[in-house]
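In structure tokens, one chain follows: the form predicted alone.
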């Protein structure tokens, strides 16, 4: 049937459009509402918790850390984060108590009659304070993880130019449509968790530590995630579980937007120092990068975010000597975590701004400088090995440069207008040996009527999994796509295909599903028509053969990785992008408008072109927001702007028409989810530099920043 490559209509489009799809807060519910009592200070010891004697707490379910039967630790990479604080709090908003009641009003009243006294200590609120050891928060040096890697030797050539610049990037809010929400169902002493999440098996693992037993976890339709529902849902699921277990009733917790913005994970802020040495043509001979990211109060996913920072920090240019020193540090701010791009957007902003700065330093075209540094046949990446996708990067770059007319526009810009470019790659799948450690598996089930059900933990959160995965299986079986469906991800019923993160769903899970479908096809024997297929299914079912077919991940033999040396193939494959932005600056109010955006991508075989274009358009919009307007204000460790009315997101009228091109579509699918987020901020900032001749090294570039640069 050849349905891969076809723009099949999303299977969930109608239910989302007509409002019949039920998200967690829409599910039938007659239980208690849950709420979280949080720390009001950034750092200190809990001295006393007082329940106002004038208030009747008798009908309020109250949970504290002493109600936890298992471990009071949300284990992600380490076990430093408690579900509920015991003696010490490390950030404003840290959960201390849980309450539940049938009335939300009674909950609010009860929370107002609880007083927590603290011995407050001076908090650490910046990366600089952390590294200066203002307080010792973690280990001996406040460093969650440090990575140092060197490729090659410092150049001995004389007469090189040198340039040193520092770039900074801020927090970013995921701004998913549906806030964090979780429902715990009580049934005769057993608890089942249903909720908004990206990784049901992550939640199951976290609850097993909390409860001391496996808890069934089911993903509800999820209104967006962007990484914000990767690790955080384990916490809110734990809260719903604890209250449900103690109350013996269903419990639902749905954060309001203020609570969600103020206390859930964000993109890591970063400080990036680039020092380069290059010749008169702009050819790089040495690149030293120093990366610091703010992890917040607990480790969460910071070490793996940092690893991706390191592997993307130098971009993908040819340079004989590259040194990267990187660290994730602890502060007394809410923990940061996963966000689309997962560390790459920060450092790719740094290296792509730096390539333009080299060009400005020499008075050359930024396109010419990039061209002179494109990797060749003998090039190796920062981790010391060649990258297969290097061979495709030049074609992408040259096509984007030629078709966009970059050089002509750059050489003759209109007043107050500029053009900028970013060239980048994104490693798809888990970093290093991560995919091997996950050991993901998939399963498909043959039904008697010939239909096929996909049973995996990979979730739909808006990106199109419920449509793309059936396309892959239908294509492998030569069936109409309507004969293949996905079972709702439930940890008791589906295979653990790993988390829905890291641009891995189509590339890794899709490939495994194609293998499983191949096994089913072999079992059925030859069939060429729908009637022959149904006859083959009938014969096979009558034979009593297995009805489920699976496949498990096996690391390709050519993938090598040494975590200690940080040497080898950081990723199995890379998606490629070359993005070009044109901006216009209002000379009166200094507002910046992106007037044109061309997104050239190479992600191999595109499964569903319309959905893929949507992924790129969404990522570009998110990247433009990151570049120009999204700004979270923190004061004394507290998010000062926890409302969407204060957090400016780009709306449709703020965006240009985004021209999306896919090249190299004949290869295997390489992963697309995160790639579009990586390049827009650098392309927009470089266009602004071109328009105004001033450096823009810190995001977001607000009108105030533009005005200051123009003074």
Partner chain sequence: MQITCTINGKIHRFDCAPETRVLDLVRDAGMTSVKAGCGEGECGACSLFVNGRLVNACLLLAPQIHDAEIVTLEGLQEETAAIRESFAEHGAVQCGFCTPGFVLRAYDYLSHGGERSEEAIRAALDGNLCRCTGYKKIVEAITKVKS
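In this text the structure is predicted, and so the values were computed from the model without any measurement. Residue numbers count along the first chain shown, from 1.
Below: the form predicted in complex with its partner chain, not depicted.
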Interface segment, criterion being heavy atoms within 4.5 Å of its partner chain in the predicted complex, picked from 352-360, 300-308, 552-560, 173-181: 173-181
Any non-hydrogen atom of residue 547 within 4.5 angstroms of its partner chain in the predicted complex: no
Any non-hydrogen atom of residue 58 within 4.5 angstroms of its partner chain in the predicted complex: no
Close approach of residue 461 to its partner chain in the predicted complex, 4.5 Å, heavy atom: yes
Partner proximity in the predicted complex: residue 465 to its partner chain, non-hydrogen atom cutoff 4.5 Å: no
Residue (of 257, 402, 487, 157) lying close to its partner chain in the predicted complex, criterion heavy atoms within 4.5 Å: 257
Residue among 579, 339, 574, 241 with a heavy atom within 4.5 Å of its partner chain in the predicted complex: 339
Those residues of 216-240 which, in the predicted complex, come within 4.5 Å of its partner chain by heavy atom: 222, 223, 224, 226
